[in-house]
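A single chain comes next, written as structure tokens; it is the form predicted on its own.
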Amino acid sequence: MPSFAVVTFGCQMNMHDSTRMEEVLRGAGYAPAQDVEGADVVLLNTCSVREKAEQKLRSEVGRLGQLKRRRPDLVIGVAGCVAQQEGERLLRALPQIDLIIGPDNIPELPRLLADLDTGGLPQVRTVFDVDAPSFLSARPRPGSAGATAFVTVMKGCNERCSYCIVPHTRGPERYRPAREIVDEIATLVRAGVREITLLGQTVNSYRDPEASLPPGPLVAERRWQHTRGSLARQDETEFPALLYRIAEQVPELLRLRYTSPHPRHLTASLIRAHQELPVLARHVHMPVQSGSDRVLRRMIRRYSAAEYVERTDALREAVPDLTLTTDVIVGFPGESDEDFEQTLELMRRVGFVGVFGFKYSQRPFTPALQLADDVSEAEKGRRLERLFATVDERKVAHLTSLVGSTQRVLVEGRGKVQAFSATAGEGTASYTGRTERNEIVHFDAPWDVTGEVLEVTIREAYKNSLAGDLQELPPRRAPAASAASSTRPGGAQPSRVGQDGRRLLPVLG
């Protein structure tokens, strides 16, 4: 039986796509390899949002090329956004590669690999499914489901932000039928998943292609001070109705999250959903990118700083203990010192507890290439450090304020180190989970408590997480079958930081 390994670079969407690739290959008779070196097929699932991810890909292909010289039958494939972006150019630049496959062509993997196995030439398959969009559903094996899972609700993007390559690599927006989304969530919950994260490039722009959902109920009710009424009506989508549908039809689901939303679609209806649906986590990652209106216009973000603050304020008013995290680009072309100071002021004003901070880097096929990249790398670095310091101050204060409180923690799995609980006995191990507000909590337990929701009293605050003690252990369960985790075959951990997000209280992981 041929074996495979999937190595993932990038965002949550890439991690989701890697899981679907694994399922397609298993269904075609492939088995996961123990490590990359022993695999017959190695697939590198790539991100192109930042230049660094492309550099990682080239380095990994070079390393695998050395392995291929010893094992000529090794098949090296590249999937994901770099594959879609570069296509034939990537084959010419890196002749070690046998297969280039775009995100929409994952179902074709078995056929493409079979062609290579019978002597076929290297292939490029990067065709968008615009005319007939398809979405692969999860097929969890018995005992394989973890505590959390991703479910795609849409793909592509129509926003056309001037710095972003996603419309080129993922195509225009295509939406998945609501019934398919609900069915997949129900399947995952039956398999033991407790928390679902809905995925999409602009996830809250969702509209049901089968028109089975009502429009936002509050289109005419909310009067935004900083958004004209006609634009506010255009911002309403069917995403809130999808959330209500999920909550109604899959009541066993414990928590529901989504990423990444666009601030334009943080509407009155979505805010009402957060207020009314207990299943929605009390944390939202809402990218802002800049606090300067001048820079936001150059980025083609289609909102002002005042609009962003007004809508996040309304969300906080509806759900007072909700936490917010965000994305920020520093050093965008033309960003002045004053522009950057406005960004820092917005960080303080909103009170984010985490930030993905990036230095602007030129990406092919983006409108921003027409702008002079006039902020030096040294200045970008200084601004990034100031950004992190500003948000870290708030984050540390927030985590410290939780010491002594008791939090409900969904246990995601084993931790890397023991939490050094004073009550821990011999044989205990470290576990890690998240609160509804997305704080990471480490604690010790004497047996496997993955997937449980436990009350943990917070004992200590670290820079990015918390440590605590269990209030009460659940009954010990019988050992389950080996569960699939986010570790890819070959022992390689998928990059949960495909963008330079090392300082964030992670959104999903």
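Note that the coordinates shown come from a computational prediction; the quantities given were computed from them, not determined experimentally. The numbering used is simple: start at 1 and walk along the sequence shown.
Keep in mind that the form predicted together with S-adenosyl-L-homocysteine is missing from the display, and what follows is about it.
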- [ ] Verify the contact flag for C164: yes if a non-hydrogen atom of it lies within 4.5 Å of a non-hydrogen atom of S-adenosyl-L-homocysteine in the predicted complex, no if not.
- [x] yes
Open item on the list: Residue-level question: is T428 within 4.5 Å of S-adenosyl-L-homocysteine in the predicted complex, judged on heavy atoms?
Closed with: no
Open item on the list: If we define contact as a non-hydrogen atom of the residue within 4.5 angstroms of the partner, is R301 a contact of S-adenosyl-L-homocysteine in the predicted complex?
Closed with: yes
- [ ] Indicate whether S-adenosyl-L-homocysteine has at least one heavy atom within 4.5 Å of a heavy atom of S361 in the predicted complex.
- [x] yes
Open item on the list: The chain here is shown without S-adenosyl-L-homocysteine. Which stretch in 337 to 345, 322 to 330, 435 to 443, 270 to 278 comes within 4.5 angstroms of it in the predicted complex, by heavy atom distance?
Closed with: 322 to 330
Open item on the list: Under a 4.5 angstroms heavy atom criterion, identify the one residue in L454, A461, V36, V49 near S-adenosyl-L-homocysteine in the predicted complex.
Closed with: V49
Open item on the list: Only one of P287, G77, G291, G102 gets a heavy atom within 4.5 Å of S-adenosyl-L-homocysteine in the predicted complex. Which one?
Closed with: P287
